[in-house]
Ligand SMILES: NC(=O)c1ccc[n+]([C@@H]2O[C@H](COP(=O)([O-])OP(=O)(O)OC[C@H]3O[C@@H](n4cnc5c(N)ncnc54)[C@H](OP(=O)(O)O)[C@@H]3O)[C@@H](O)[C@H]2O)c1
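Here's a solo chain for you in structure tokens, the form predicted on its own.
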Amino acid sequence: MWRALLARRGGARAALPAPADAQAALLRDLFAPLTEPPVAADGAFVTAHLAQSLDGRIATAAGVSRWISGAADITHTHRLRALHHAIIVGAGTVKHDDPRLTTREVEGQCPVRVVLDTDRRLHHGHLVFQDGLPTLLACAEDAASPCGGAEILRLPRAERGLDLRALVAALRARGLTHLFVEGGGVTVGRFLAAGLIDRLHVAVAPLLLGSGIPSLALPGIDRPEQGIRFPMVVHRLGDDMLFDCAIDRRTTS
């Protein structure tokens, strides 16, 4: 049913199917923004996703995050991968989880994998560098030698890592206009702080960890009104609750 939800050939984007059941209606609402051309000035549409416990943790203190959310959210994440041109993850996610970042749970084309590794600390043995699928390793212009199995994308440094606006521009220049930031919390937080998130999906699981890695790291503010406030719709995904947040490039003030 979900094969070729969005046509990639020539940049054209197909309409989602008419809803036949409750799940189809939910997906139509969640993915409707992806059927339209990006409206941001940089010509890109950026979706982010996080899965967290009820007490706001995306991983244990040891960095283990499999599996905080349930099977329905995992399938949802794979659909998001299939619906975007490129998937972006930080080096920490690759180091701790060693994900494949494919669409194996759903029908659809695998996106280009983009790994952010500012100082080239990852080794070539990680799965994303081994399977021959299109992969970019984004690193600083002055970083160490390339990593085997990935094309190198060198970018300017910024205060907290790579210049994310330069990254979006570089991907847009390659025709990759719909970008999916899958994690981790530091990477998603950096995109939020830079005002580069259009849509944020947060899956909250009925799970308490008590300690661990917090969901998001954002610059501190003095007053609540300086935070990011946005329209939001809540959906049920199995045992989890999915918060669909229309960030629309808002940032803290």
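Quick caveat, the model's predicted, so the values are computed rather than measured. Numbers follow the displayed sequence, beginning with 1.
As for the form predicted in complex with the named molecule, it is not shown, yet the points below apply to it.
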Give a yes or no for A91: in the model of the complex, does one of its heavy atoms lie within 4.5 Å of a heavy atom belonging to the named molecule?
yes
Verify the contact flag for L122: yes if a non-hydrogen atom of it lies within 4.5 Å of a non-hydrogen atom of the named molecule in the model of the complex, no if not.
yes
When the contact criterion is heavy atoms within 4.5 Å, does R174 count as touching the named molecule in the model of the complex?
no
Flag T118 as yes or no: does it have a non-hydrogen atom within 4.5 angstroms of any non-hydrogen atom of the named molecule in the model of the complex?
yes
Find the only residue in R165, R154, R100, K95 having a heavy atom within 4.5 Å of the named molecule in the model of the complex.
K95
One stretch from 191-199, 222-230, 52-60, 34-42 that, in the model of the complex, holds residues within 4.5 Å of the named molecule by heavy atom
52-60
Going by the named molecule in the model of the complex, which residues of 161-185 come within 4.5 Å of it through any heavy atom?
G161, E182, G183, G184, G185
